[in-house]
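Okay, so here's just one chain, in structure tokens, the form predicted on its own.
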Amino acid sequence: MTSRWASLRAGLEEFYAGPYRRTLARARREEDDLFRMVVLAEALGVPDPAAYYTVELMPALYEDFHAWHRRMGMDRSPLEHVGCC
């Protein structure tokens, strides 16, 4: 019985979200990029009054940092202490 519900749920999710998958992925990426900009603002030279709080989130962003700065059009890392490429 559980597998039938899981199958039904997967089918409904595909029916409703399938046509918008690309749009939803783009919106999520844009939100992630904005969040990354807020967290890295102080390191990029933008005064950030919340830098004390956002510095704790920086290790969480290092994993995708290289893909982010390449997507933003920067060939090399804009941060001196992060040598990803």
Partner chain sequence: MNALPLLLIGLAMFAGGYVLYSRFLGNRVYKLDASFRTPAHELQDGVDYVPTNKFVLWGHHFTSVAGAAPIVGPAVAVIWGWLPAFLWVTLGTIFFAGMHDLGALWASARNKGRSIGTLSGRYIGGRGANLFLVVIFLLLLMVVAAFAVVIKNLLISTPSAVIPAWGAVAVALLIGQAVYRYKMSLGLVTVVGVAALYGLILLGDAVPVELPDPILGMSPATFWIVALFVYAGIASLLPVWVLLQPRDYINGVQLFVGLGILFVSVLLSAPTIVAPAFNDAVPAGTPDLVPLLFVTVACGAISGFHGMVSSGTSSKQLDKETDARFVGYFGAVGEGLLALGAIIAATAGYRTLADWEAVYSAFGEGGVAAFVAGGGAILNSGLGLPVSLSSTVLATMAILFAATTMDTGVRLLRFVVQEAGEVAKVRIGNVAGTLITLAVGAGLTFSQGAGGEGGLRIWPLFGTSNQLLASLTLSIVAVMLIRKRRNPAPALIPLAIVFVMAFWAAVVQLGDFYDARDWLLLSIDLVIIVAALWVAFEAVVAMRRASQEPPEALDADVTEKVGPAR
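The structure presented is a predicted model; accordingly, all values stated were derived computationally and were not measured. Numbering follows the first chain given and starts at 1.
Not on display, but discussed next: the form predicted together with the partner chain.
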| query | finding |
| --- | --- |
| Partner contact for Glu63 in the predicted complex: the partner chain, 4.5 angstroms, heavy atom | no |
| Distance check, Ala17 to the partner chain in the predicted complex, heavy atom within 4.5 Å | yes |
| 4.5 Å heavy atom contact, Arg21 and the partner chain in the predicted complex | yes |
| Exercise: Ala25 in contact with the partner chain in the predicted complex, heavy atom 4.5 Å | yes |
